[in-house]
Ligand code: ADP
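Before any questions on how it binds or moves, here is one chain, the form predicted on its own, in structure tokens.
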């Protein structure tokens, strides 16, 4: 196997698997730590999807090292730690601690940090992360209910989360090509720097950085950083010509949508869908906590709708989220919703629903953990970073679109179905 990736959430893993597949690598995405006997077939790349973004740092490190052990046993040549393009993390981690642990386990002295994903408006300049035209700390991410991002400096964030010495490779250097970036890596090593933040404004920048990273054992970043990695293997004669892509045949059955993300993008998608006439049920965390709203009630409502793809959502404005967290506690409020939506997904499966959109990284992780497929086959792309997938394993196949909360155009919930045959 050429490339082994460890992703800190499910939707990010799917995003990355799509990127690698599109660049010509035969890619399998596993759900959690793979079984030791999982047949990887002729995969060039394996993406291990963890649910470790908001775990205590020690748990995130342990899970990541377990995934690393599997990938090492599979003969992986290069490793990638994938996190969100908005660097979702708390002051204590988990990006810094996991990066540090992976470097130590791989006995490597230098890696990079580059969460840039220009196609979705995430860029890095002078070591600062931008969301569109705003600094990360000025964007909606400052109100994230689990990982509020109030600093845009990736150098400060990494230094605060780890004991690693942090440096910077600027856009001016990237603009001079891969050779200059490799030289910058060597200069960083000479200075004793262990991790370097790398600026990137365009996909072309990411391809330059990917080429320069050919000699790195470990690469870290958003899915965009993988854009230039497959070509290194192709250039070295290690990547076989891609066979014709398998046809994505979605199963027949009812269609539903579950949304747990409170991001601005998902809230806009919900509003667009409701304005277009989509049936929608908003969940009240207090009603769930007090037993006034049960999973059975949500299922009865959704399955009783006669047309379209009914939407069940808990997404709310920041003030509503803070109010619920004040009454229930941050962790309990989040877990109540995640568990409710995961149980609803199981109810959908039992009722014959075979096409499901799930919005939100944590929500997607909870839903897929409940459904428990072994792996996912990557299908057509709906919006940048969000494909349809098909479950692989013991369960009856389901078509799943697992959407990061921040991703997708306003009409995402409406147009996604047009790609299914």
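We call the rigid core the largest set of C-alpha positions that still match within 1.5 Å between the two forms. Here the structure is a predicted model, which is why all the values come from computation and not from measurement. Numbering follows the first chain given and starts at 1.
One more form of this protein, predicted together with the ligand, exists but is not displayed; see below.
Asks: Using the partner position in the predicted bound form, report whether residue 360 sits within 4.5 Å of the ligand, counting heavy atoms only.
Replies: Yes, residue 360 is a contact residue.
Asks: Does any part of residue 404 reach within 4.5 Å of the ligand in the predicted bound form? Heavy atoms only, please.
Replies: It does: once the ligand is placed as it appears in the predicted bound form, residue 404 has a heavy atom within 4.5 Å of it.
Asks: Would you please decide whether residue 93 lies within 4.5 angstroms of the ligand in the predicted bound form, comparing each non-hydrogen atom pair?
Replies: Flag for residue 93 set to no.
Asks: Residue-level question: is residue 260 within 4.5 Å of the ligand in the predicted bound form, judged on heavy atoms?
Replies: Yes, residue 260 is a contact residue.
Asks: Considering 228, 167, 334, 310, which brings a non-hydrogen atom within 4.5 Å of the ligand in the predicted bound form?
Replies: For this set of options, the contacting one is 334.
Asks: Given that the ligand is left out here, which of 131, 324, 71, 195 has a heavy atom within 4.5 Å of it in the predicted bound form?
Replies: Partner contact (heavy atom, 4.5 Å) among the options: 324.
Asks: So if I measure heavy atom distances to the ligand in the predicted bound form, which of the stretches 204 to 212, 326 to 334, 74 to 82, 180 to 188 falls within 4.5 Å?
Replies: Single hit among the candidates: 326 to 334.
Asks: Any chance all of 32, 66 and 98 sit within 4.5 Å of the ligand in the predicted bound form, going by non-hydrogen atoms?
Replies: No, because 32, 66 and 98 lack any heavy atom that approaches the ligand to within 4.5 Å in the predicted bound form.
Asks: Superpose the two forms on their rigid core, then report whether the C-alpha of residue 405 is displaced by 2 angstroms or more between the shown form and the other one.
Replies: The answer is yes, as the C-alpha of residue 405 shifts between the shown form and the other one by 2 Å or more after core alignment.
Asks: For a quick test of reading the superposition: does residue 233 move by 2 Å or more at the CA between the shown form and the other one, rigid core aligned?
Replies: Shift at residue 233: below 2 Å after core fit.
Asks: Quick check: residue 362 between the shown form and the other one - does its CA shift reach 2 Å or more after fitting the rigid core?
Replies: Yes, its C-alpha moves 2 Å or more.
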